[in-house]
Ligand SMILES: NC(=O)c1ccc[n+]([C@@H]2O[C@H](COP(=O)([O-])OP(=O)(O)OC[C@H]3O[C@@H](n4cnc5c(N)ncnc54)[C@H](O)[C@@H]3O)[C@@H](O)[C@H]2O)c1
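Here's a solo chain for you in C-alpha cells, the form predicted on its own.
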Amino acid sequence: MKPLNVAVIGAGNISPVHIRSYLNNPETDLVALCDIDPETLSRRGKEYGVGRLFSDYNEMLREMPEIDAVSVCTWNSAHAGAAIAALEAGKHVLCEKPMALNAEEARTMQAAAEKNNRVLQIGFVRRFGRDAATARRFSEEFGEIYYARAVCVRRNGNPGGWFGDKSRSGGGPLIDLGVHFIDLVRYLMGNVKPVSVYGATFRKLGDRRHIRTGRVYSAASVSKDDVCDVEDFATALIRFENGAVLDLQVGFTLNLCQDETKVELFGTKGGADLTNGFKLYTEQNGYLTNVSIAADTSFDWDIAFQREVDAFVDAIRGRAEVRASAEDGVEIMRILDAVYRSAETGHEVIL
C-alpha cells in the first residue's frame, strides 16, 4: 500500500513530536511543513530534512494536491481555519488540542469533516498513554466510578508567548492544561456526556515575568513584550450524565511549594492513581490492598504521541475507529465554554 503523504501546519514547540512520529511510521511520508515564521520554518526543515516549506497553508494545499493528511500544530486561534481548509481540500486532519477556541468553531470543523468524508482526529494525547491503556484494562476493578480528581498546578509555569495572549490561545491553564485532564477522565468513564458545570477562574499573579531566578517553563519563554490576559488558575466541578463528578484544578502560577500533577479515579470497588503510572487501591479477601503493575505504566509523551499518530493512520486506512473523534472534541469545548461562562456569571451552567 502506498505511504500516506503528510504535512505539518505549524512548526512550533509541539510540532517535533508529530514530525518524529510520522517519520517513525512506515506508512507515512512527511512531504511538507508550513509556518508563518520563516526562521522557525527553515530550522525545522533543516532539522528533519523536509524540502517543501510554505508560509501559507492555502498555498501548500493548492500546490501539493498529493498531500493525503495534515497535522495542525498552530496556536489555538488558527486551528479551525487550518483544519477546515485542509478538510475542504480533501485531506484527513489530526488537530492538536484544544479543538478550537469554542464549541461553535468546533462544530464547524466537525461539519467540514462529515461533509468531505474525512477523518478528523483531535490531539487528546493522554488517551494514548500507557497509564490510560492500563486503566482501561482494569476498568472492571473500579466498579462504578463516581468521583475523579485532577490537579495540574505550577508555581511559576506560564509558558509565555502566545499561551498568555487570549486572542490566540482562547484562555490560560484551563484550555491549555485542563483540556487534557477533562478529556482523560471522560474517556476513562466511557466518554460520558457532561450535564452541568460550576467553575471559577482567577487572574491574580500574571506571568511573573519579574521573577529572575528559576527555570523557564518552556521554549515559548516569557518576554517583556508578551501579552498576558489569561487566567492564572481555574477550578471546576463537572457533573456527568452518569452522576459522576470531576473536581479539576489547573494553574500556570500559584503560590505553592512545588508543581503538582495528579489524576485519581474513585469507584465503588476500587480507586486508581494515574499520577506516576497506574496504581489500583481496592479490597481483597477482607483486606485493603494496593496493586502496582510490574511493567512501566507511566505516561511518556513520545510514546503517547507515536501511538496517537499510529492510530490516526489506522483510522485513515479504515482499520480502526477514530479514538479521539470530532464529537469528543466538541464535547470538551462545550465543557470549557461552560467553565468560562460559569466563572463570569458566578453560577452553575447547565449543558
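Small disclaimer: the values here were computed from a predicted structure and weren't measured. Numbering starts at 1 and follows the sequence shown.
The same protein also exists as the form predicted in complex with this ligand; that form is not shown, yet it is the one meant from here on.
Only one of the listed residues (W162, Y146, Y281, Y187) places a non-hydrogen atom within 4.5 angstroms of this ligand in the model of the complex, and that residue is W162. A heavy atom within 4.5 Å of this ligand in the model of the complex is found for exactly one of A150, V125, A112, V230: V125.
Proximity of I14 to this ligand in the model of the complex: non-hydrogen atoms within 4.5 Å are present.
Using a 4.5 angstroms limit between non-hydrogen atoms, I9 touches this ligand in the model of the complex. This ligand is not drawn, but in the model of the complex it has a heavy atom within 4.5 Å of C73. This ligand is not shown here, but in the model of the complex it comes within 4.5 Å of a heavy atom of T40. Stretch-level contact check against this ligand in the model of the complex with heavy atoms at 4.5 Å: of 271-279, 234-242, 175-183, 203-211, the positive one is 175-183. Along 128-154, no residue reaches a heavy atom to within 4.5 Å of this ligand in the model of the complex.
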